[in-house]
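Quick heads-up: it's one chain on its own, the form predicted on its own, in structure tokens.
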Amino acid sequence: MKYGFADRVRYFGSSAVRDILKVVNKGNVISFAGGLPDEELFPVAAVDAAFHKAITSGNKALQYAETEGLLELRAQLANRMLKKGINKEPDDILITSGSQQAIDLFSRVMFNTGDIILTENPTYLAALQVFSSYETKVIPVDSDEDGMIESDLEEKIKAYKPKCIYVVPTFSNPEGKVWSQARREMLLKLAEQYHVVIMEDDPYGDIQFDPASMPNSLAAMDKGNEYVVYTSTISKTVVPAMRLGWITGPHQIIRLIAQAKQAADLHTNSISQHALLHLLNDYDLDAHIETIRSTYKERMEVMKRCLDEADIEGLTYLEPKGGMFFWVTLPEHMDLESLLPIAVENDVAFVPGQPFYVDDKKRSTMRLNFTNSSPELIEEGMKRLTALLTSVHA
């Protein structure tokens, strides 16, 4: 039968990372491909106790719930954000099924066909998937290791009149960089001047290797709560499987997103919400995050040493100050997308950089995840990868 699909399915695409994971999660492949936390660090006992408490403390956790999410949980999240200088009322926080749903719901209420979104190049590929599905046009802004460059950003705001500027300014995916305080201030200044909404995606913000040196969140800088929509998640600091994230920002935007969520799934999983509330009340999450930070910093340093020791002319990278990734650039003649199947045959995997680009797609880049492998596996995996890259480079 020939099915009459909606026109918008022309803009749907599969995630390159998800497709890669189907392959590399088989056999003995050492994978640096997925943006995965280490399951050995999951607080299993605390999560078990929290779910047990959620289910046995009356039947509320098993009932339908309000679309915005459990009020007590939103209050807890408001308190945690306040420690970062982000001052939000629980009524302006919406619990979502991971921060990925937050991006989708925001797009649903904000974008018409043909609307313009400005972003960095490269940027988070699953956000690009969402934006494409709503038939928007994404325009890249010139950037360096400190963030978007002011002259190009202002020029493109004037030329394209964007509906939104999407950024991952803290440990960006895929580049792992941190925007400078000056660039953050510049972005907010231009957003206010030209009345453009910023979406600040912050899934990795808690994984800081040097918390004292971190600049302010854009949401913390938006004192009038007019321009910045902020989303985050517990997937990187607790467990991904709970599928809990949140979105906050201007009241009118969050109200419309709540209505869109009613149409999408009524509300986020109640049991997970109640469990997370008990976890936040009964468990020292901050101490757990410190363990994650120190463990991941050690693994980052192991991978950095391996990259430094690789005798490949033209190999460059930016040292991460947190997050989960190295972004590696190699000589332009190297096509890493074509190299990936050979790498998998040699029992090591990475993500080619090409899918992260809006345009001017560079085939000689790759993203490496350092959080999901032990130091010993990182050593062995990088040995295999370096040998392969060296043979191709020669």
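In this text, residue numbers run from 1 along the sequence as written. Because the structure is a prediction, the values reported are computed rather than measured.
From this point on, the text means the form predicted in complex with a further copy of the same chain, which you will not see here.
Within 4.5 Å of any heavy atom of a further copy of the same chain in the model of the complex lies no heavy atom of residue 184. Within this chain, residue 104 lines the site of a further copy of the same chain in the model of the complex, having a heavy atom no more than 4.5 Å away. Although the partner is absent here, residue 112 sits close enough that one of its heavy atoms falls within 4.5 Å of a further copy of the same chain in the model of the complex. In the model of the complex, residue 264 approaches a further copy of the same chain with a heavy atom inside 4.5 Å. Contact check for 48, 226 and 239: all three have a heavy atom within 4.5 Å of a further copy of the same chain in the model of the complex. Residues within 4.5 angstroms of a further copy of the same chain in the model of the complex, judged by any non-hydrogen atom, belong to 32-40 and to none of the other stretches in 32-40, 327-335, 347-355, 362-370. Checking 188, 289, 253, 139 against a further copy of the same chain in the model of the complex, a heavy atom within 4.5 Å turns up for just one residue: 253. This chain is drawn without a further copy of the same chain; in the model of the complex, the residue among 214, 271, 116, 307 with a heavy atom within 4.5 Å of it is 271. Residues 52, 55, 56, 59, 60, 61, 62, 63, 64, 65, 66, 67, 68 of 52-79 are found to place at least one heavy atom within 4.5 Å of a further copy of the same chain in the model of the complex.
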